[in-house]
Structure formats: C-alpha cells, structure tokens
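Take a look at this single chain in structure tokens; it is the form predicted on its own.
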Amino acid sequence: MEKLIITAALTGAEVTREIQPNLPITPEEIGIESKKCFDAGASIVHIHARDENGEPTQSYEVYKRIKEEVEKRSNVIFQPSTGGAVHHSPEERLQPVDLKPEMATLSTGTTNFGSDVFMNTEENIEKFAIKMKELNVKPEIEVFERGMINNALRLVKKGLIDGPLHFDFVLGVPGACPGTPEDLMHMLRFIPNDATWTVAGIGRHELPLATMAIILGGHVRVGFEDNVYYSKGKMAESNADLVARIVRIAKELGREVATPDEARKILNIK
C-alpha cells in the first residue's frame, strides 16, 4: 500500500475567528501554521486566502505572500484553492494558478453549498483545466457529487487534463453528498484504476472517513476548513493537532505517512 498523504486545509472560506479562535488568517500566520502541520506529518497544505479584514480573497498578491511564507518554512506542497468563496467570480478564483503552484484544486461541477450555490459551468471548468495544463499545475479534482467524477473523465477525453487523476471527495457538505461510509464506497466505484484519492469529511464525518481512507489505501484531508473540533464539544487547538491524530491512527493501522517528496512521487507531480 502507498504511504499516506495528509493534507491540512488550514482556513477555508467560511470559518471565522468567532467560530474558531485559533484560525490562522494573515500570510505569516498561515505560514507558521503550515510549518506546524508539516512537522506533525502533513505533506500538502490546502490554502484559502484572507484579506486584512479576515474576509476570503482570491487576490494574486495575497496568495503570493502566503506561498512565500509557506515555502520559506518547509518543502510542504502548497495547494491553493480555485474555489474561493461562492461570491467570487471565475476570473477571481483562477488568479492563484498564475503563481504556478505544484497543485491547485479543480471543482468539476455545480453543487448546493448550504444555503448558497457553488457554481461551476462546463465552460469555466474547461477554462480552469486549460490554464492548469498550460502552467503545469497538477489539478486536484474536487468532487462534491457523483456526476463530478464523470465531468472530470470528460476533461481527460478532451485532452484538457492528463492522468493519472487525483480526486478529493468532499463529503458531508450541507446540501451536497452526505458523508456516510456508503457514500465514499459508492464514489470509489467510478474512478479510474490508476487514480489516487483523498477524502475530506466535513464536521463529524472527518474522523470516520479518514480512518476508512487509511484502511482502503486512500489519502486524508483534515483541518479547520472542514472541522474546527477535536472531539464533540471540544475545539481543536490547531490544524496540527488534527494532523497529528491522523498520524497516530495510521501508525496503529500499520500505514506509513508520506513526506512531501514522497507525496510528489505518488501524485506524479513533475
């Protein structure tokens, strides 16, 4: 079985300091948090940027500062979001890709997101895919619903992205696919045999789905974007605490954890 890749989703676009007092917001805070997660065992940090007021932003300049803060502290893989917040335009969302990161997320469909709609038209999905291919950015295919797998496979047929693909199943978002074990197993039936995958369970779904992924040979995403609690009613003190718990579980289950360079090899990042 491949070594386990752990992604730390540090901030997200919806969590605030009122919800999670330890949320990193500034580029320096995000850089420091990324190093803590690297030291705990993460090989990828998934980034949503915030402006000086703590609001979500897709600003090229802010992502550039975050990238510099992350990369001066470790060799963890910097993975910006092209999802941003639901109110960002496609043009805004695509800005971080111009930094030529090793990876970036690529959401391959429209979905309900709580009371909002996360809009991804076919035209924009293809536009994002083309940009990533031009700049040699590895897409992480974000899947909130079953049809998004098919949409990704169509991109391959059109030559807009190359395999082997890497999927991130984001399960348990209110309004989208639930986060039960059955939902994860259903998703896995439809991805290519040579694909790699990560699961990001939202809220209470984070830990059980992460444990499933460790056992099944997949990979794991944890962090404040997905879950601000360590246990029921108890706030996590840091993203690194959530990473460290996955490392402990993986060790108990006999699964080694990948370094960033090992993750690059597993994900075919060149």
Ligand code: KMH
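For every residue, the number given is its place in the sequence shown, counted from 1. This one's a predicted model, so the numbers in the text were calculated from it and none came from an experiment.
This next part talks about the form predicted in complex with this ligand, which is not shown.
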key: Close approach of G172 to this ligand in the predicted bound form, 4.5 Å, heavy atom   = no
ask   = Even though this ligand is not shown here, does A13 get within 4.5 Å of it in the predicted bound form, heavy atoms only?
value = yes
ask   = Is H219 close enough to this ligand in the predicted bound form to count, meaning some heavy atom within 4.5 Å?
value = no
message = Whether F118 contacts this ligand in the predicted bound form should be assessed with a 4.5 Å heavy atom distance threshold; does it?
response = yes
message = Each of G83, S107 and F144 having a non-hydrogen atom within 4.5 Å of this ligand in the predicted bound form: is that the case here?
response = yes
note = With a 4.5 Å heavy atom cut-off to this ligand in the predicted bound form, the contacting stretch among 30-38, 46-54, 231-239, 66-74 is 46-54
query = If you look in the predicted bound form, which residues in 212-228 sit within 4.5 Å of this ligand (heavy atoms)?
reply = E225
